[in-house]
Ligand code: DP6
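Let's start with one chain on its own, the form predicted alone, as structure tokens.
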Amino acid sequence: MSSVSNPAQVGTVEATIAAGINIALVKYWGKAPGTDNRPAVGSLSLTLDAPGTVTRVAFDPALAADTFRLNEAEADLRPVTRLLDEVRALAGIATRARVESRNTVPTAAGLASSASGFAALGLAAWQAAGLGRAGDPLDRRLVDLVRRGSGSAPRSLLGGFACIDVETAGVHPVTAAPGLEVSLVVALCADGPKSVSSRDGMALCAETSPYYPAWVESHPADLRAAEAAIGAGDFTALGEVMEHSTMKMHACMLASRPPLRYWAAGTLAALEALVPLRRDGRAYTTMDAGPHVKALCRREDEAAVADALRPVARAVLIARPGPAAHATTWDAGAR
């Protein structure tokens, strides 16, 4: 990887970045008024060690136009070019870029592939354009850049627990107390992309759900409770507020017109399979805008949680807190 002040003057330069998906424990759902993709509520998430996205951006003076390949196939170039145009404006260059990306998570299926994707793309373009050798993930220009691509992408710039502040749309790390060692067990409950995008679903809820104002109003208390639980190392309190936030979000969705339901038959089967572990306080569940079930548990319980889910899930992934978005090599693949 190289990073220079003006790639257009010195030939091709590139950067490759790996970013993990992040799963919101206190949910982000809804957009603030305006066109800057700012969230209507804050959120608190856990960035995972796998799966995720690896993206290589190469600014090449020989290119007449940007190109983009996702998982070895041509993909929608428009959101990539929008982000690259912002980077070029900040760097004062006009060089076109070749972008290659690998996802190790199903795309558009409710597993936060857009978050890891835009975090990896944004930081790779940032470094390749010479905007920061270290690629400080808390640089507000970078945070704003990736947020405009995906509202949850700033959280994937950071490792472990991260929080987005609704007032500033900035992101900050949340430090866990020593001894709070958690895993997130993911049950894949359906195949294929979801039928309604998160962005369209958020708009529908805001416009038609009578529960949406209550969702926004009650949200700050959940964030405060979750941050306090993490800081105190209180797994039970964290699990309970996570579930509360999840069910409020899905209740808001279900009350939309028409009803917005991301769950599948496998979702309900996975939730039912976890009832005994939930009763014992060993696993707490969350679902995003998609059919898959994620179970938060203590590290020592991850195998038992995975065993409970395997008979009803299409596949089960065991993930742990992962690192911040970071430089890697393209040949290393998608982690």
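These numbers come from a predicted model, not from an experiment. The first residue of the sequence shown is number 1, and the count goes up from there.
A second form of this protein, the form predicted together with this ligand, is not displayed here; the remarks below concern that form.
Colleague: Does this ligand get within 4.5 angstroms of any non-hydrogen atom of Ala24 in the predicted bound form?
Modeller: Ala24 belongs to the contact set for this ligand.
Colleague: Is Ala289 close enough to this ligand in the predicted bound form to count, meaning some heavy atom within 4.5 Å?
Modeller: Taking the distances in the predicted bound form, the answer for Ala289 is yes, it comes within 4.5 Å of this ligand.
Colleague: Spell out, yes or no, whether the shortest heavy atom distance between Gly151 and this ligand in the predicted bound form is within 4.5 Å.
Modeller: It does: once this ligand is placed as it appears in the predicted bound form, Gly151 has a heavy atom within 4.5 Å of it.
Colleague: Using the partner position in the predicted bound form, report whether Leu121 sits within 4.5 Å of this ligand, counting heavy atoms only.
Modeller: No.
Colleague: Which of Ser114, Thr81, Asn103, Thr95 has a heavy atom within 4.5 Å of this ligand in the predicted bound form?
Modeller: Result of the distance check: Ser114.
Colleague: Just one of Ser209, Thr246, Ser183, Ser198 has a heavy atom within 4.5 angstroms of this ligand in the predicted bound form, so which one?
Modeller: None of the others qualify; the residue that does is Ser198.
Colleague: Would you confirm whether the three residues Tyr28, Lys31 and Asn37 all fall within 4.5 Å of this ligand in the predicted bound form, going by non-hydrogen atoms?
Modeller: Result yes, every residue of the spot touches this ligand.
Colleague: Within 4.5 Å of this ligand in the predicted bound form, counting heavy atoms only, one of 171-179, 95-103, 81-89, 199-207 shows up; tell me which.
Modeller: Every other range fails; the passing one is 199-207.
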